[in-house]
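Single chain ahead, by itself, as structure tokens, in the form predicted alone.
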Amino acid sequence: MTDIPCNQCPLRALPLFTLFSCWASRFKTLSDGRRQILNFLLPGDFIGVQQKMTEASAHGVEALSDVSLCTFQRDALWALHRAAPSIGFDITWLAAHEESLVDDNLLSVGRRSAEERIATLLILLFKRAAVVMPQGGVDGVPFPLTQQHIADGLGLSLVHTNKTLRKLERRGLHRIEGGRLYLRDTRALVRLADLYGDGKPSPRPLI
């Protein structure tokens, strides 16, 4: 296990690891500095598979707070598939799950309104964070994101993000306070986001 402060986190250099605690983001940046956050990484997420497949990282990873990492040797991916097929399947599950999250974000950026985008993000992040918490997010979940992170993840301006978050909060749908996210009316958020399910966390493998 490795504990690394946020401002010293060399996530680009590490081949494979599990994010054991705290949050990070995976992003791409254009030459003029414009940034698109591709996905937010939460505890339990397996990071580095894309780099391992291509032998070159086409994206950056930023720690959003001090993180703890469970690191793996460069050849661990193949060894895990050979020696522990069940763990290999879990890694495949995690990679496929991340792809589905990126698909959801593409749908949001391409077709959803600002309210729908933010509602979708809040629900999905809450579910992912709650599933690894003992009480399933009854008392809220950690939420280290700034409004700029949300804007960069959803293709919105910072001003529009701020106005939309306040609008949804005034409607009693959510609350962000003290670095934690609380869903106050999950069903209404699900309807607004046009998502399936009830917003409750679903099982996932942990490596």
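In this text, residue numbers run from 1 along the sequence as written. Here the structure is a predicted model, which is why all the values come from computation and not from measurement.
Same protein, other form: the form predicted together with the DNA, not shown, and the subject of what follows.
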Q: Pick the stretch from 22 to 30, 134 to 142, 36 to 44, 166 to 174 whose residues have a heavy atom within 4.5 Å of the DNA in the predicted complex.
A: 166 to 174
(Q) Although the partner isn't part of this model, could you tell me whether L156 comes within 4.5 Å of the DNA in the predicted complex, counting any heavy atom of the residue? (A) yes
(Q) Is it the case that R180, even though its partner is missing from this view, gets within 4.5 Å of the DNA in the predicted complex, heavy atoms only? (A) no
Q. Does I91 make contact with the DNA in the predicted complex, using a 4.5 Å heavy atom cut-off?
A. no
Q.
How about L80 - does it come within 4.5 Å of the DNA in the predicted complex, if we only consider non-hydrogen atoms?
A. no
Q) Which residues, if any, of 111 to 143 lie within 4.5 Å of the DNA in the predicted complex when only heavy atoms count? A) S113, A114
